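Shown below, as structure tokens, is a lone chain in the form predicted on its own; questions about how it binds or moves come after it.
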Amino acid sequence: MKASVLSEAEIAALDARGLIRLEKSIAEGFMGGVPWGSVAWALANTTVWFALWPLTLSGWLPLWAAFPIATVSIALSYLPSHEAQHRIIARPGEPLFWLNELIGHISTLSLVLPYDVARLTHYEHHKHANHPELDPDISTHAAGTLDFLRRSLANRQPSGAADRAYGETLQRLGTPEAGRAMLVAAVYRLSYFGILFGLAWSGHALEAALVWWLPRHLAATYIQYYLSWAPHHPAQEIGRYRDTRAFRSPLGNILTMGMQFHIIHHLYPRIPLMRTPAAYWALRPVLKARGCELGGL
């Protein structure tokens, strides 16, 4: 049964079982298959960012051109890994699971975010979205845009709330996998600062700053705003249909990286990113009947 064959009044009249059956039947139509667009996105974007280094260090590409390319590239780096975190490309035991893990690991190298740290903490975010103590992303929540920007910058200072929340989440999990993720995170961070220091020492401080350090900070702020703050604001409710929302952005769906429809991802994490807009419109009558916050979208 599809929502399109029922009127809003008929959907609203369904009992809890009827609503969940209708909801699941619609959502299942958007799952399955390899999201090759995200795979191509990850491979192309990672290649672009790594190519910036020889191009700028050789002087072929001026820094004024490399800087915006690097910023956009790093801003685009997280979402393909996000697909891998949910094993959308392939699940363990499937022939293409190696590709899922490859995409997960390489996509966020420029963000200095280890794949296993991202995956484990993101699962906890899904389990505990908006919980003031258990949601590892709670530090990004703020009263408004200006407050978010202030918090985002503060969170990335030494011993900031973001790193502390991720570390505490991994410690709380207490599994061998979480322990390994913490060690890998330390290696990533030390390597990052070591590379920046080495570049500066060798006379390439501007390249280090404008191809990695500053673009990473700008991209992280953009990612946190649209992937964490905007879809959950005001982040005061907990529950499957209340801990996230749809929202309308003046930048549109592409420039918000598809996050206008983030509610679909929380309800059905295995729906690929590029299918969430269509899934939203198919599920919208059901979400409306559920009393979800749809932000006028």
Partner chain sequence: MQQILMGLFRIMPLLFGLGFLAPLLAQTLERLHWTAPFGLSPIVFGLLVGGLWGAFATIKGRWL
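Please read these numbers as outputs of a predicted model, since none were measured by experiment. Positions refer to the first chain, counted from 1.
Another form, the form predicted together with the partner chain, is not on view; read the next lines as being about it.
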In the predicted complex, does residue 209 have a heavy atom within 4.5 Å of the partner chain?
yes
Using the partner position in the predicted complex, report whether residue 153 sits within 4.5 Å of the partner chain, counting heavy atoms only.
yes
Residue-level question: is residue 148 within 4.5 Å of the partner chain in the predicted complex, judged on heavy atoms?
no
Though only this chain appears here, would residue 95 touch the partner chain in the predicted complex if you measure heavy atom gaps against 4.5 Å?
no
If you check in the predicted complex, do 186, 197 and 213 all have a non-hydrogen atom within 4.5 Å of the partner chain?
yes
Select, from the options 200 to 208, 87 to 95, 102 to 110, 223 to 231, the stretch whose residues sit within 4.5 angstroms of the partner chain in the predicted complex by heavy atom distance.
200 to 208
